[in-house]
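Form predicted alone, single chain, as structure tokens, below.
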């Protein structure tokens, strides 16, 4: 669980080098400006960064891990290692655990979120990563499948392009890094609004967050979510939902969802978790 600390309103926003959690919608720019990956590198210590890449969600973990390793080495990270975990027993590997103790950033690649959770959930390695994130000792980034696993409840799969209904989404347990969230990725690119709403219908106490491709929701330790990248971050707040027919209709029947709050945020916009308020793009400190 990510415990968010309260800082003064004068806390610097854009010059911060403090650790953060970066939830990336997938297909982030790996060639040109690399803004999101540069942000992770910077938040992990920049030239002093020691980065662990975990490509376990991928069907080609060695190839994908090598690609990210090359990117972060080109940026100038001090040391980058791929932890190619393909068996749960490796989550107890002392060598991997020691590297996690030494690193300043952990990057979870895309692929299959069920595979990622199946390999990492409840392992000593993952528990230590979560603890170090909670303590603000490391930055953690996840893209695509690596983003989907961030919540306690996870969207494991489903369809798009329909009205919200219970059969539209498959749910599973995530890694619980930011437990109050249900994350969906490739969001507007794959028309997943109905899928996220379907997930929230059964978990209205959670905050739904849909992240477009080449877009990142950056979670600061002071409770601020900052948007970085080319697309948008959609926040759906169902905590004041006044009515849903979710328990009364069949799996494929349309859902009623009353009194939801919706926010669409673009680059530079923020959302304050403690105040449940969006904040328009600013440069400098909070208003």
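Model, not experiment: these values are computed from the prediction. Positions refer to the first chain, counted from 1.
Unshown form predicted in complex with a further copy of the same chain; subsequent notes refer to it.
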Is the gap between residue 162 and a further copy of the same chain in the predicted complex 4.5 Å or less for some heavy atom pair?
-> yes
Does a further copy of the same chain come within 4.5 Å of any heavy atom of residue 272 in the predicted complex?
-> no
Could you confirm whether residue 131 comes within 4.5 Å of a further copy of the same chain in the predicted complex, counting heavy atoms only?
-> no
Is residue 228 a contact residue for a further copy of the same chain in the predicted complex, using a 4.5 Å heavy atom cut-off?
-> no
Is it the case that 123, 173 and 178 all touch a further copy of the same chain in the predicted complex, with a non-hydrogen atom of each within 4.5 angstroms?
-> no
From 239, 59, 30, 258: within 4.5 Å of a further copy of the same chain in the predicted complex by heavy atoms is 258
Contact residue in the predicted complex, from 193, 156, 119, 100 (heavy atom within 4.5 Å of a further copy of the same chain) = 193
Work out which of the listed stretches, 64-72, 228-236, 36-44, 51-59, brings a heavy atom within 4.5 angstroms of a further copy of the same chain in the predicted complex.
-> 228-236
Partner contacts in the predicted complex for 254-280 (non-hydrogen atom within 4.5 angstroms of a further copy of the same chain) | 254, 255, 256, 257, 258, 259, 260, 261, 262, 263, 264, 265, 266, 269, 277, 278, 279, 280
